[in-house]
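Given next, in structure tokens, is a single chain: the form predicted on its own.
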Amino acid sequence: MKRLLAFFLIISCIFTTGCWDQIEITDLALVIGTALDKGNDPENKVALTIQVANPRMFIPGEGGGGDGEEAFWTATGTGKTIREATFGISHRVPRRLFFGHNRLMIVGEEVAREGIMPYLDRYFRSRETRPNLYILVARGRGQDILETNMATFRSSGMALINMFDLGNNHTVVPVRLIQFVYDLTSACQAAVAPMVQVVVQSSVSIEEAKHASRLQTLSVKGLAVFNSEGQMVGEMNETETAGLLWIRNWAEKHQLTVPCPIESAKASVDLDLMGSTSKTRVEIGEDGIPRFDIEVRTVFDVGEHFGNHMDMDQSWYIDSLAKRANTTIAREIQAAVSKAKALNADVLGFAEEVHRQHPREWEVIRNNWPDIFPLVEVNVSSMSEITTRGMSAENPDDSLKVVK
């Protein structure tokens, strides 16, 4: 019996070993970024642009052979659907398109304003869609973003991915597709996505300056605001974006510039954010309309004092900086609230807070939230603390003790 069992095990191992279904990486076209635009032909509603990384250029001994191969290239296809547009590209690419490395979805402004929801279906049905896929809105066409030849980076797609991987940097807000769809389908029913555009590259080498086509780069600035129908209804500028970051507790690498307490008109002080927390408390009034109290606590280091007076060793000076930081934060939050109300898009997460803190009251007002949201009262309080002031103000003996 044991011999018979061993015989069957050996036979099964023979037939189950091997790599009969393997695909070499050099046979794949690795898509790292996609752009979705309106098609010029009424019959072909979708224009899909992909940016592909050539794996041969990144394998030691394979790339750089002088055969004219590019490390990154783009291709565009059209169709009635995204899948049909993909097939249109695959007929012209001698490799299998693989979307498992795609981390970038750029939506053209025309698509965003018309409605983005039909363009999301394919991404959620595909098994190759990554959960950390970033979504952006292009000022103009998304195709132009992927086809931009940057002087500072070989791939425009990889440049944007690397930028977003750094996290929230001042007003650069990375938004993943899964977060975007959650906001659209949650109680808030509104979402934001960063905006990107092609701008002139200000600093290039002499050789690059000879080629006009190389004098371009990408700039990520501001947020596109979407309503419950998935339509872009407006934008948030840098100040309003900063306020949104404070409210949603998304602020990470942030910087505030406040006037110097002594030379307000001539000098400025930069404060680097070291940590922040925000809480939103909801109270339901007698009229049934919620009231929101936003409390932000922050810790800053002094990053730069651009002026002549150096009085950071005085406690009153530090207290004045903290008050000025509080004023700036409150102003940014109020700007975000005003823009969200003007667009009637609750990107602030207020509906989610009402639902969480007052579930019974939320069931009463949820159907009328679009009418209630522009009327809500919002109070803001900010408490900032200034810690490290730099070598010009700190006692050097304390630093030396740490080093020892």
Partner chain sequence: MGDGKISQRQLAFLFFTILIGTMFFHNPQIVVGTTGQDGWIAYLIASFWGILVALVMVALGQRFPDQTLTGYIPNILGKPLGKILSLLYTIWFLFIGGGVLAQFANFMNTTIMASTPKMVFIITFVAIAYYAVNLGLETFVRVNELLLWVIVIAIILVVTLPYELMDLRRMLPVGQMSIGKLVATSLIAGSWRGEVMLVGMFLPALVTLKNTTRNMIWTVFLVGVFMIAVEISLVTVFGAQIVGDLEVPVFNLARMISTARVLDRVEALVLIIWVFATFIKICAFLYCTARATADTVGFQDYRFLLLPLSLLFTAIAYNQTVDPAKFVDFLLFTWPGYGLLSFELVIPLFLLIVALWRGKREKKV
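Small disclaimer: the values here were computed from a predicted structure and weren't measured. Residue numbers count along the first chain shown, from 1.
The same protein also exists as the form predicted together with the partner chain; that form is not shown, yet it is the one meant from here on.
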| property | result |
| --- | --- |
| The unique member of 277, 315, 257, 132 whose heavy atoms fall within 4.5 Å of the partner chain in the predicted bound form | 132 |
| Interface residue in the predicted bound form among 319, 229, 283, 165, criterion: non-hydrogen atom within 4.5 angstroms of the partner chain | 165 |
| One stretch from 332-340, 374-382, 36-44, 357-365 that, in the predicted bound form, holds residues within 4.5 Å of the partner chain by heavy atom | 357-365 |
| is_contact(residue 93, the partner chain) in the predicted bound form, heavy atom dist at most 4.5 Å | no |
| The partner chain contact at residue 181 in the predicted bound form, heavy atom, 4.5 Å | yes |
| Contact label in the predicted bound form: residue 87 to the partner chain, heavy atom within 4.5 Å | no |
| Distance check, residue 113 to the partner chain in the predicted bound form, heavy atom within 4.5 Å | no |
| Residues of stretch 96-132 in contact with the partner chain in the predicted bound form (4.5 Å, non-hydrogen atom) | 100, 101, 124, 126, 127, 128, 129, 130, 131, 132 |
